[in-house]
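One chain follows as structure tokens, the form predicted on its own.
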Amino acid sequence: MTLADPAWRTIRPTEGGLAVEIIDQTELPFRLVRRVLRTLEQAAEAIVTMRVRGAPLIGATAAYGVALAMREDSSDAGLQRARACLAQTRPTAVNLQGALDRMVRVLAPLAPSARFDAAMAEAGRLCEEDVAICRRIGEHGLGLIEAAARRRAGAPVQILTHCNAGRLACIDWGTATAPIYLAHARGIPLHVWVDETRPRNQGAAITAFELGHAGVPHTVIADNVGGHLMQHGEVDLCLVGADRVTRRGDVANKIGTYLKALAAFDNGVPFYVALPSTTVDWTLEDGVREIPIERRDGAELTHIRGVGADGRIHEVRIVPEGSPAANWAFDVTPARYITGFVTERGVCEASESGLLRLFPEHAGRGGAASG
């Protein structure tokens, strides 16, 4: 098995197209488990508990969640109930709302009897579009790694990434990892510094897992090591993903991204954000003030899972009993600290003018904030 095999995409229809199968990412990296979702409630639970995570995959799961809801109740009331249920699962990733808007737009004009089949087909199209978009992000980002390789003159290109913006955050390829996979396939020497990404350890657990399967050289590091590596010339470029980007270029990504951008800025290290255009929220301008930041259960911070000497998975508490914990899931990196965006249409500066140069159809689309 390799994660490049289409049979191991993060989400796919199963049971004759009547259900959906996901990779349960809460089991990684210890077990590779697939879980079948048959109901709206199961799809919503998978998003909330982060069995699926990453902005593009959250959107795809929400789209399939609407389809599963149509199997149970395809009335207008059922459609609106599905939308409301899924919209409240995770507030920061804009792909969630975009997918729900798209599904309602397609399904609302149809007769209830036609909605389930149409919903499954539309969710499938959304997934195929994401695969193609991520591949194009990879092709455009490849040039950044090739340029760094020329400067390295044969030494491995050193790339730092934070959280997981890989295949497991999307349907396939990933965003920040897509250029890495293409460069590795072309034989460009490279090495990836993988932030552990506390508190849920998406880097250590998930990015390291998929890079290892792809044979990409990598090293897991503590979250606070990145600045030290940059000071000592051990990072050629930073490449991260995004959960929401404002029209002027502010980026919401996993907590800790802002600090990496500050360190990169101070040390003159290029800091790029790889994103599909579906992650841009054209209704927002000021990311710090307008992007809703999810706060999650403090237990994600106070407890940690791992494999013990007995080979079994254990969860242990790592703070004094009774100590409260605050768990913000995302932070916002202002556009001024970002070197550029890598999108499916090319690389641009992190600004409204940069985005509109690649996506001119969104000119004049500003408006009230939407969550």
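Owing to the predicted nature of the structure, the values given are computational and were not obtained by experimental measurement. Position 1 is the first residue in the sequence shown; the rest follow in order.
Just so you know, the form predicted together with a small molecule exists too; it's not on screen, but the next bit is about it.
Contact between Lys254 and the small molecule in the predicted complex is found at the 4.5 Å heavy atom cutoff. Remark: Met50 counts among the residues lining the small molecule in the predicted complex, judged by a heavy atom distance of 4.5 Å or less. When the small molecule is considered in the predicted complex, Gly65 lies well away from it, no heavy atom lying within 4.5 Å. In the predicted complex, at least one heavy atom of Gly241 sits within 4.5 Å of a heavy atom of the small molecule. Heavy atoms within 4.5 Å of the small molecule in the predicted complex belong, among the stretches 181 to 189, 216 to 224, 165 to 173, 258 to 266, to residues of 165 to 173. The listed set Ile338, Ala69, Ile58, Ala43 contains one residue whose heavy atoms approach the small molecule in the predicted complex to within 4.5 Å, identified as Ile58. Site annotation in the predicted complex: the residue of Arg83, Arg90, His140, Arg247 reaching within 4.5 Å of the small molecule with a heavy atom is Arg90.
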